[in-house]
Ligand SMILES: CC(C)(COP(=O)(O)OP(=O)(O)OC[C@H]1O[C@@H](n2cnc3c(N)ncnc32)[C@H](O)[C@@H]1OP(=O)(O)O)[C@@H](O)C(=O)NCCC(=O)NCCS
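In the block that follows, a single chain appears as structure tokens, in the form predicted on its own.
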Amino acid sequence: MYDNGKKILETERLVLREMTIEDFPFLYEIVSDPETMQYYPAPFSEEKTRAWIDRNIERYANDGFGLWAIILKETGEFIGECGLTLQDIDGELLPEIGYHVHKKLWRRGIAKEAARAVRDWAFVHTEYDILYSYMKYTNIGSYSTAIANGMKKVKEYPDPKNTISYAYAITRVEWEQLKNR
């Protein structure tokens, strides 16, 4: 599994690499799960999962980033996805750090570790001066991960997809201050 796509970055426990269509069964296991996708309108179908992978492959080519496969170094297992995408956050197209981790590994710091690495990568490799994460207001795990990575709640807004969404953000200046501590 490890060698399928181009490696982007590495952390103590994880490798993040570009997804390929060969990742379909592993990603589908995660995004088709009703518990994992409880904050989405519905779990993903096989067709939506394939389209999700294809969309990220397009993002790699067009934007130079997207959601990347999270690979557990110890086993080589595909355990989720995390990356940078451009998302509509209350009517603005903004750089967003997003993540899904297999539920068998929840509460082990995987999303935090991956999102932190993506945050650092984005501030080094892009010109963005602020990065966001947004989520349904009831998604405690997601906004806890954002807070753990230095983000602060900057917006709460009505969202037809989520009823109410929260947007968290960190600026380049705040990130530099974190790195210098």
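Only a predicted model underlies this, so the values are computations on that prediction, with no experimental measurement involved. One rule holds for the numbers: they count along the sequence shown, beginning at 1.
One more form of this protein exists, namely the form predicted in complex with this ligand; it is left out here, but the text below deals with it.
Quiz prompt | Partner-proximal stretch of 54-62, 129-137, 41-49, 152-160 relative to this ligand in the model of the complex, 4.5 angstroms, heavy atom | solution = Comparing against this ligand in the model of the complex, the contact stretch is 129-137.
Quiz item: Can residue 144 be called a contact residue for this ligand in the model of the complex at 4.5 Å between heavy atoms?
Solution: Contact with this ligand, yes.
Self-check item: Contact label in the model of the complex: residue 110 to this ligand, heavy atom within 4.5 Å
Solution: Although this ligand is absent here, residue 110 would touch it in the model of the complex, with heavy atoms inside 4.5 Å.
Self-check item: Touches this ligand in the model of the complex: residue 101 (any heavy atom, 4.5 Å)
Solution: Yes.
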